[in-house]
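In the form predicted on its own, a lone chain appears below as structure tokens.
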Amino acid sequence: MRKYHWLAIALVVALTLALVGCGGGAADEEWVFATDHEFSVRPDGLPDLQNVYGFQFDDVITMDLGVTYGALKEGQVPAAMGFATDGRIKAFGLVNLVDDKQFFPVYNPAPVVRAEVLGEYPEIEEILGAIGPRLDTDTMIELNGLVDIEGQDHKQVAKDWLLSQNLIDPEAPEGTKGPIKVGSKEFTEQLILGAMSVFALENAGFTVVDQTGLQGTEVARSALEEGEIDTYWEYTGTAWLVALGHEEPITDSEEAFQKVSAEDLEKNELVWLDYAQFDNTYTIMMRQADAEAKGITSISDLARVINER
């Protein structure tokens, strides 16, 4: 699927929906789904989701990551992909449909560090490992919302939270160790987590090369394996299915962490530090008012409504 600029997408979708009336509830209602490119092709994404639930969207439009929320809010699509900890879901009047067949695996994030780097600087394990256990679902939703809803800078949000947890001091010392190259993916939550790593390492006296904002899982993971970055936060489900190539998802957080960390260390010399308490799984979203009007609370309900037209 081609990846369009948002303005082009908005025009295409608006014209399409003007013709088919996606929100009207008619028998010939067209179900257009908004997604980013990665979700549209990855093994724990849209193709297998539709197979497991036994339905097919009429059209799928790929957008820049995060734009799906605005498209859904404005009524330009009836359904879209999202992330469970995104602050825009509640703020925009959206709802996550229940994954009643437990298709999506768990996605607890953790800092992943090259073993070679930890061998040289073993203190990094304590520095970065202290962050994850303090991040629960409500906290991450709040932090994401500060950026996506209130427009705050993700670096300031990360720094303020670390200060509130006494994980860093107000003034970082001059870097005398390193450098350590920190990466992240490009969406809000990853930018916040990446910034936390940067600040925590700088506070511990490391010179940090900030390479956050990499374009997607494949780029970030390749950069880590090839030594272009030394650490970034990855999600257990993503590593298990995408990086390590397994087909069966794991739905228990501790089991996923143990299996992923053991295999990644053995095969790739990558060390997983303590994981966060929140599970930022993929979600299928609708506008809450539309979901209630159509009696849709789960993905199975959505499949039924689409198939019974």
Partner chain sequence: MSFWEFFITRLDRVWALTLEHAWLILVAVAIAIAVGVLVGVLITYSRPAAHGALYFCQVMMTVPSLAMLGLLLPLFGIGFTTGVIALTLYSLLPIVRNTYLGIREINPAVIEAARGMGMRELSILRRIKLPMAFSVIMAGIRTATVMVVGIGAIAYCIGAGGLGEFIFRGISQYNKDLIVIGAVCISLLAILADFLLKRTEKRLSFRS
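This structure is a prediction, so every number in the text was calculated from the model and none was measured. Numbering follows the first chain given and starts at 1.
Another form exists, predicted together with its partner chain; not displayed. Remarks below refer to it.
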item	value
is_contact(T188, its partner chain) in the predicted complex, heavy atom dist at most 4.5 Å	yes
D148, heavy atom within 4.5 angstroms of its partner chain in the predicted complex	yes
4.5 Å heavy atom contact, G213 to its partner chain in the predicted complex	yes
Its partner chain contact at G66 in the predicted complex, heavy atom, 4.5 Å	yes
Residues R114, R134 and V209 all lining its partner chain in the predicted complex, heavy atom within 4.5 Å	no
Contact residue in the predicted complex, chosen from E142, E228, E120, D160 - any heavy atom within 4.5 Å of its partner chain	E228
Residue (of A91, V219, V98, L167) lying close to its partner chain in the predicted complex, criterion heavy atoms within 4.5 Å	V219
Candidate stretches 230 to 238, 196 to 204, 149 to 157, 105 to 113 - the one whose heavy atoms come within 4.5 Å of its partner chain in the predicted complex	149 to 157
